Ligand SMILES: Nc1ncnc2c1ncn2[C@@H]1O[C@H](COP(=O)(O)OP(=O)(O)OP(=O)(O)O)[C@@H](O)[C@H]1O
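Below you'll find only one chain, the form predicted on its own, shown as structure tokens.
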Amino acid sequence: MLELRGVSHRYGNVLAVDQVSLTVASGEFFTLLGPSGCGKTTLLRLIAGFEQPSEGRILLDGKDLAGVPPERRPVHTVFQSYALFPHLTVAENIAFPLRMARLPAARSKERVREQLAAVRLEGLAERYPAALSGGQRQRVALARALANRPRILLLDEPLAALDLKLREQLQLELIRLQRSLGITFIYVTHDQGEALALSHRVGVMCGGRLVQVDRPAELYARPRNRFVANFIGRCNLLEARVSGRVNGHLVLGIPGLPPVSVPAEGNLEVGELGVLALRPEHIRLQPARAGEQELSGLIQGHLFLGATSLYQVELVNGMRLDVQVAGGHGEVVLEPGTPVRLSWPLQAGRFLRE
């Protein structure tokens, strides 16, 4: 439904968005993920029409949106700041875009009732924003944005100001709303956990560019470069060089450590430099089984995280690995200085050359 072709945008000499090409399907929950300053909010503003591309084209249903002002695009935006009218009640806030669209009063009243039910605020129609909690205000902002049924809903870090439990509750509400309405959502966040939980697909941005677009599970399991591996969850990255190929696996040389094997992917050649990427939850504090990798080290620290514990282990070459183990409650904690053997399945590691 939505297509971006080579879209770039400059603020003076600063290139905020750099040659982004992307397609978003009708009814998709798509998330733009990246650190502050990566260009994700600028890209959202370009889709909304608040900014115009310096280069490239944005098409909706095959029609170029160049020159179409924001108010004439079938696109609405929900901001982190809610942007509610403080002098209007909840019902009046939701009805505002319907009034601007000159929807008949009876139909507008019915639509407001439908929207209140959709966001589960039926009993708060006559309250003013100042009398609502942050989560309730955000629900009103969602109801108002969805009131006249936009083709696309743009959400710019809408949950960032909320506490953890409320944020998780509203994440479930967003998923329910999006699936029940079938409206395309394009969501911006710097929170990788939020992106993985909500989305059909995620586009990771860095330096104005889209560096990987994938389903959440693929993004986590198969990052294409070290930035994505490091940004999405915890990941150990050890500098390595490809030293050979054996039985469909790459053999990696890591200074001061025994050779390590990983599945061979892509057109990698002997001598290439990169990193061994290894997720902490894939490592066991146990001797290797048949066909597994094994390294030795010393415990350097321990973090109790509730359902899991995180150990930091120093290897014989001075490099450190994070190891996540289940069953944090009641476990025997390994003290700093304890020697351990680490193991992981061959398929758990990946070599990334970027």
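Here the structure is a predicted model, which means the values were calculated and not measured. Throughout, we count residues from 1 along the sequence that is shown.
What comes next is about the form predicted together with the named molecule, which does not appear here.
**Student:** Which residue among Ala16, Leu22, Leu342, Leu334 has a heavy atom within 4.5 angstroms of the named molecule in the model of the complex?
**Tutor:** Only one option qualifies, and that one is Ala16.
**Student:** So which of 298-306, 33-41, 59-67, 312-320 is the stretch with heavy atoms within 4.5 Å of the named molecule in the model of the complex?
**Tutor:** In the other structure, the partner sits against 33-41.
**Student:** Could you tell me if Glu157 has a non-hydrogen atom within 4.5 Å of the named molecule in the model of the complex?
**Tutor:** Contact check for Glu157: yes, within 4.5 Å of the named molecule in the model of the complex.
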